[in-house]
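Below you will find one chain, with nothing else, as structure tokens; this is the form predicted on its own, and questions on how it binds or moves follow later.
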């Protein structure tokens, strides 16, 4: 027992805590914000400044000790006895989340969303949700999966309803909380099923245990149908929680109401940070059940009297060379179909529902749903590629990371513009955006660039994100991925209609007579220009982002 305790303490202090530095800095910043009102002198400091400094320090600690040049050679390390994992994907997602939080804090300071009196509460909730999202991005155990989802969700419910005396905000927060509670309960039951059936909740071990079950053999044995049914049910239940965080169809109902009822800044936070963490979690879970990591140690699978004989050999070749008889082949097919169908339904519904919207925040909510569908498509390809070509599977993960990094600037810029215009005009009605090209030319140009990038029109960065995702679908070449590619292409064309409608109102319609003089100032224009500029620069200089994403994904597969 003493040796176990000594090893635990040594591992925690020497390995886990240093690699967990960004989350620790977030925790320290939250504590300082909570104590700020109690400490003389500190109560005079603007809470936005405290939150910004803490977030910047956390962001600076995301870099690996050996530098980004060696990121592709980084060996994954399990933290806190396997509850979390530190790898390239963890580093990349931490950077995305914390960079977004830094930019969001600056935005809230410019829009005066969080005043010095109540600012502590707002920034504690934002940083607390971000902490949960960082845990989601590095989850390596089903319990930390659930913990991360809850830590990210509960503060988000409060953020949506923070506007006092606004019925729409309270109603949206209540809907969000009710849907979230239901999805969490279903997900937890699915976790208990999978852990009970396989005897483990450790994500890397789940794939090995599924391989040992010999699912092809169970499918031919009628007396084992109960086990298969329970596994399928567990997968569906866990996917409910993930689909809720992604706002994927049919668990998207909360998204438009939450975006419309809450502030544009909070809607941007849910649109970008929540999606990034949920997609990271979807990749982790997909890799857990589909990855050949567990199969790589299986030298042969022999069926003798319907009994699986598994011999382990450290020099065994990866099982993707014998995918046709792989014990995980049914799992890969099931996961790929499940994610693929959800992705196709999500992007199609999001684009179709956006057509009739008159509120810009609801339109962007459905746009968010559609983009979630696009980003889920490479994950569907990933499920099949893990058993055939690890290099292509790594490219599938990299394409999601590229899309997420570009999506950060697209949606942050979009919601920042909505926040500034909503504050100046007192309206989120799309028709009130008429004539912005004359009254606020810098904001109008930025908005048009963002809308064109959301469509995926070159030479803007949105094209690079969609091209990376669509290229993976084409390279996989299965009937499912080619169908998804066709659906994604058609949906991209459909999305051009409602994005163009907004651009047309901004540039071609006259100013509405009901709108008074529009005064925004220099700082809003400067901020929107700052967050819009990467959408132009990334495609001109794509190597930095693509190389970083590919290096981050390289260590995820053997």
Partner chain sequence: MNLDSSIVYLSLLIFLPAVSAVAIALFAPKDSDDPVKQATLAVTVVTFLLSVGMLLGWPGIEFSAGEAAMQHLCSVEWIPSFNIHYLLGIDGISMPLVVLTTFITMLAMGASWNIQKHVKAYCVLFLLLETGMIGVFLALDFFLFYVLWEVMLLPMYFLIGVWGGPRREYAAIKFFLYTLFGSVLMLVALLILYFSSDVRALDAKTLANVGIADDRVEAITSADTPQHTFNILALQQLGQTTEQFKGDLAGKTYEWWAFVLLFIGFIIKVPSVPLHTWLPDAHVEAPTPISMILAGILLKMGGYGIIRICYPICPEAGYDLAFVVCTLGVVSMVYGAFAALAQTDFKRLVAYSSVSHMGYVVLGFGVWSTLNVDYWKLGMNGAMYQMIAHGISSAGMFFMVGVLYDRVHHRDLNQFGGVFSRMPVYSGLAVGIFFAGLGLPGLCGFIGEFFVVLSAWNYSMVLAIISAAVVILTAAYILWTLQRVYLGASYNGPHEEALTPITSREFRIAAPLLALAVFFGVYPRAILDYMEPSVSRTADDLAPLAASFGIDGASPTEKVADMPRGDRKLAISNTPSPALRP
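Predicted model, so just to flag it, every value in this text is computed and none were measured. Residue numbers count along the first chain shown, from 1.
Below, we refer to the form predicted in complex with its partner chain, which is not included among the displayed structures.
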Contact of residue 530 with its partner chain in the predicted complex (heavy atom, 4.5 Å): no
Residue 459: touches its partner chain in the predicted complex, heavy atom cutoff 4.5 angstroms: yes
Partner proximity in the predicted complex: residue 77 to its partner chain, non-hydrogen atom cutoff 4.5 Å: no
Residue 166, heavy atom within 4.5 angstroms of its partner chain in the predicted complex: no
Stretch in contact, per heavy atom within 4.5 angstroms of its partner chain in the predicted complex, of 501-509, 60-68, 45-53, 32-40: 501-509
Its partner chain in the predicted complex: contacted by all of 330, 376 and 379, heavy atom 4.5 Å: no
Single option in 334, 467, 349, 146 placed near its partner chain in the predicted complex, where near means a heavy atom within 4.5 Å: 467
Neighbours of its partner chain in the predicted complex among 481-505 [non-hydrogen atom within 4.5 angstroms]: 482, 485, 489, 492, 493, 496, 497, 500, 504
